[in-house]
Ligand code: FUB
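Coming up is one lone chain in structure tokens, specifically the form predicted on its own.
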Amino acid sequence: MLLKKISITILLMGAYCVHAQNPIIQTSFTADPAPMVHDGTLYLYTTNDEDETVDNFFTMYNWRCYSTTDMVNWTDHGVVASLKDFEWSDITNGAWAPQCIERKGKFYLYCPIHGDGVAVLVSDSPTGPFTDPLGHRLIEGTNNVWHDIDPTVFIDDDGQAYLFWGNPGLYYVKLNEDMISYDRSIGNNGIMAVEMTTEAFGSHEGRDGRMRTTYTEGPWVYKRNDLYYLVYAAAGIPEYIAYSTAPAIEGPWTYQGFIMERAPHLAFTNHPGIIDYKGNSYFFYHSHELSGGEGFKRSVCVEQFEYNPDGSIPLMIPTKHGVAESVSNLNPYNRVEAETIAWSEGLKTKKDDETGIYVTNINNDDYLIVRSVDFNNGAKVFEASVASDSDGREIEIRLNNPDGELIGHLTVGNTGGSKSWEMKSCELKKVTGVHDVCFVFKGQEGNLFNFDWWRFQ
């Protein structure tokens, strides 16, 4: 499998495994990151590039969600929304860059459907299930519905919500308090167009030789210290990331320059997401390194950064190590979902109604790493929920990387089937303190077993 082969290339040295963080998701191809903080957890909404493309183009049917409380381990919540949720649309491919926001206990997921404009879903939970409250698209009245993509949503300090979107133009509406309608008394039936000036967005020479503003698509709007930021994919194909600032959400915008320039392992598209979490600032983007350079199979990455004293954003270099340190440690004495992963090799995740999300596609020598595991005064027993249809399968529990110190091995055995879950346990060499933990999977050829959760005792 290509995904596995590229992971091997990236992780040639065992010691490097401890530090590799980008891309942050290895079990699926993900793009267009949209982070949201709620109740102490950072949720990350992404698009989903399928493993197999159709007609050598973006092949995207679903939106996915991941979460973290430490910025190094990411829990997979699977597909949380799909094009199928919009029964009024006949588009079957084109689940493009979304963003989610919470208001008064409801979560609103703004979804661009390529060829059907911007729609909205709502849920009582950040991980769904999401439902369609309108039965039709949200945005009506722009000149070209194919350009109505990449929504970004923002609620200002006075409670007024705004939705921006667009390629190659930039538009916005003032959302009503219900978040699923907008004030139609202004602009073009409620839609305001941002003037595309050099002062607002800079300029560059397009592929046709004409000068144009740098703004391309993928806007991301937020406010910090009374200054409004508009971050966006810039300068055409291949895309850079640039930003502008303004004293008010409606402008005037002033171009500030690039945040991230083109790099060999970045895809020909890019999409920003910026957020503060637990006292740090993080910049999300995507690359094509995990797929070996396939621009239609992208993967989300993240960099930690600091604003300059004047509030400007520094130029960032995309790295492989990503976030160097966790913002909190993982408690291994609570049940930990197996799909909580810092780095993995060769694995996939799957979901069913009874079990939820679990790790599958496990082959010999595949592994997953969780970082910053705090054993405190010591762990002596390891437990895991597994399902297998044959004997001769094991999990090696190692510290730090696949070649690290072996502290125990769990015999999986035959549980009666790949969906027949049993809790297995094994004794450990006592381990204390904070470590990265690597689960290395052993067995003969084929899908060895499925893995649902684990904990230490």
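Note that residue numbering follows the sequence shown and begins at 1. Quantities reported herein were computed from a predicted structural model and do not represent experimental measurements.
The next section is about a form of this same protein that is not shown, the form predicted in complex with the ligand.
S.K.: Which among 358-366, 100-108, 205-213, 268-276 is in contact with the ligand in the model of the complex, heavy atoms within 4.5 angstroms?
M.R.: The contacting stretch here is 268-276.
S.K.: Are any of the heavy atoms in G218 no more than 4.5 Å from a heavy atom of the ligand in the model of the complex?
M.R.: Heavy-atom contact with the ligand at 4.5 Å: present for G218.
S.K.: State yes or no: in the model of the complex, is some non-hydrogen atom of W421 no more than 4.5 angstroms from a non-hydrogen atom of the ligand?
M.R.: Contact check for W421: no, nothing within 4.5 Å of the ligand in the model of the complex.
S.K.: Do L410 and the ligand share at least one heavy atom pair within 4.5 Å in the model of the complex?
M.R.: Looking in the model of the complex, residue contacts with the ligand do not include L410, since no heavy atom lies within 4.5 Å.
S.K.: With the partner left out of view, is F382 within 4.5 angstroms of the ligand in the model of the complex by any non-hydrogen atom?
M.R.: Residue-level check for F382: no, no contact with the ligand.
S.K.: Select from the listed residues M60, L428, L42, L399 the one whose heavy atoms reach within 4.5 Å of the ligand in the model of the complex.
M.R.: Going through each option in turn, the one that passes is M60.
S.K.: Go through 24-40 residue by residue and record those having a heavy atom within 4.5 Å of the ligand in the model of the complex; state none if no residue qualifies.
M.R.: Going through 24-40 in order - heavy atoms within 4.5 Å of the ligand in the model of the complex - there is one hit, D32.
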